[in-house]
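Starting off, we have a lone chain in the form predicted alone, written out as structure tokens.
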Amino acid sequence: MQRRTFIKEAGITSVGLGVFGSLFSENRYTEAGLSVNGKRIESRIFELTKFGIDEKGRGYRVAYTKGDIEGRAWFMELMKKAGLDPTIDAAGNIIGKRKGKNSSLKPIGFGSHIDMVPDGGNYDGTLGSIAALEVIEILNENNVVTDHPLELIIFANEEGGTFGSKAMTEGLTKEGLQQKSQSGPTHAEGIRAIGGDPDNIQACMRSKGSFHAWVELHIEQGGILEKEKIQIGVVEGIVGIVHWEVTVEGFSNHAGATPMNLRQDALLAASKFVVAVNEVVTSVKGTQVGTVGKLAVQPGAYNVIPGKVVLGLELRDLSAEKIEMLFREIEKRATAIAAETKTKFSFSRQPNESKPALTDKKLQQVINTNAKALGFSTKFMQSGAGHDSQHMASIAPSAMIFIPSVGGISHSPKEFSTATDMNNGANVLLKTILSLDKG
């Protein structure tokens, strides 16, 4: 692989880079070998894992917990050493700014998140955050000052519902702030615990057009890149995610004395519903997915027929229209199941859903061009997981860079991406930021 550096030099003939204009021109960067420090990235990945270990030795850097607070403090110290003077906005997002030569230009934003799911992995979000800091440090070490200001953003509570990026772009509702978080406190209480100001949450909002561009590096969280032996994924869009709480009401009765044909078994109806969701979602062409991933049975005894079941339904797709169509079909199936089992179904759509977001086509091409120039194979693909970039796309041209996840495993202690792949992705991020600076 040919390595490149960008150093400042006058009088260079311009070479076109396509949609975002010329990268190499008078008083601009020339190729000479600038690349990230892969060992430093990997070392910091492992350093961050020390924060949030629970009593069983599992990773628990869940948003708003002691581990999250300590991990954030560690990351902010690194940002300070890199000259970023980090601040915390009203939603708890950590923001570090690096001045550019032209303060009138809009900033280029990049970063990710460092919170994790319970007993999760060490690369989801963390890679994009640490690689973003690595970009800043490489620029510092090579005395490169970009024309545009740069903003490194570490979003708060991505795993609990992309709360930080949602607050920055769309705003949070009072109802959303009062919801219980994964770790226990309400989101308002949690935001306050990490240094935010939920009473003034609107202060963190950015207007449309306030960024020149937004870029996020992330592990794929699936097995497509590894299976196809592709080094870099260029994300075309991020799926919408909608949740419904589904309540199935039957009638609790004695399990021994109630004949089978006289039962109103809520769990039996719920089981048929789970199968129906799978049948509806797989009956339509496309990459949409549907999941029932939560189930609570009442009263929960061996000798009592379940009288009530509450379950969680999730639908994901790049098309909001398809999500709505699938839900209507699922509702029809639920109506039929209710009649068959003498039960009642009710659906409660959950607040703070994520809308589908297409990434910027010009940015896709910039990423692809830079990856190809570095000798990497690429694939244009969608993201089946939600990301902060989904919300950033509503206010700025946005894009994502994927690297392979070994075995397609994520949200698991077995989540892993190789040092080589992390280094590749970080170098594509570095080159992309420099390309965007000249666009």
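Start at 1 with the first residue shown and count on from there. The structure presented is a predicted model; accordingly, all values stated were derived computationally and were not measured. Each form is matched to the other, and the largest set of C-alpha atoms that superpose within 1.5 Å is called the rigid core.
The discussion below concerns the form predicted in complex with a further copy of the same chain, not included here.
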message: Looking at heavy atoms inside 4.5 Å, which stretch does a further copy of the same chain contact in the predicted bound form, given the options 41-49, 55-63, 380-388, 366-374?
response: 380-388
task: Would you confirm whether the three residues H254, V292 and I409 all fall within 4.5 Å of a further copy of the same chain in the predicted bound form, going by non-hydrogen atoms?
output: yes
- prompt: Taking the shortest heavy atom distance, is P306 within 4.5 Å of a further copy of the same chain in the predicted bound form?
  reply: yes
- prompt: So in the predicted bound form, does any heavy atom of R333 sit within 4.5 Å of a further copy of the same chain?
  reply: no
- prompt: Using 4.5 Å between non-hydrogen atoms, is Q221 touching a further copy of the same chain in the predicted bound form?
  reply: yes
- request: Would you please decide whether K227 lies within 4.5 angstroms of a further copy of the same chain in the predicted bound form, comparing each non-hydrogen atom pair?
  value: yes
message: Please tell me which of L105, A320, V275, A203 lies within 4.5 Å of a further copy of the same chain in the predicted bound form, judged by heavy atoms.
response: V275
message: To verify the annotation, which of these, S210, N142, Q350, Q178, has a non-hydrogen atom within 4.5 Å of a further copy of the same chain in the predicted bound form?
response: Q350
Sequence-ordered residues of 267-284 touching a further copy of the same chain in the predicted bound form, heavy atom within 4.5 Å: L267, L268, S271, K272, V274, V275, N278, V281, T282
message: When the rigid core is used for the superposition, does R316 move between this form and the one not shown (threshold: C-alpha shift of 2 Å or more)?
response: yes
message: Once you overlay the rigid core, does the Cα of E340 travel 2 Å or further between this form and the one not shown?
response: yes
message: Checking N303 here: with the core superposed, does its CA move 2 Å or more between this form and the one not shown?
response: yes
message: Flagged pair F380/K285: C-alpha distance shifts by 3 angstroms or more in the predicted bound form. Which direction, closer or farther?
response: closer
Distance trend in the predicted bound form - C-alpha atoms of L315 and S181, change of 3 Å or more: farther
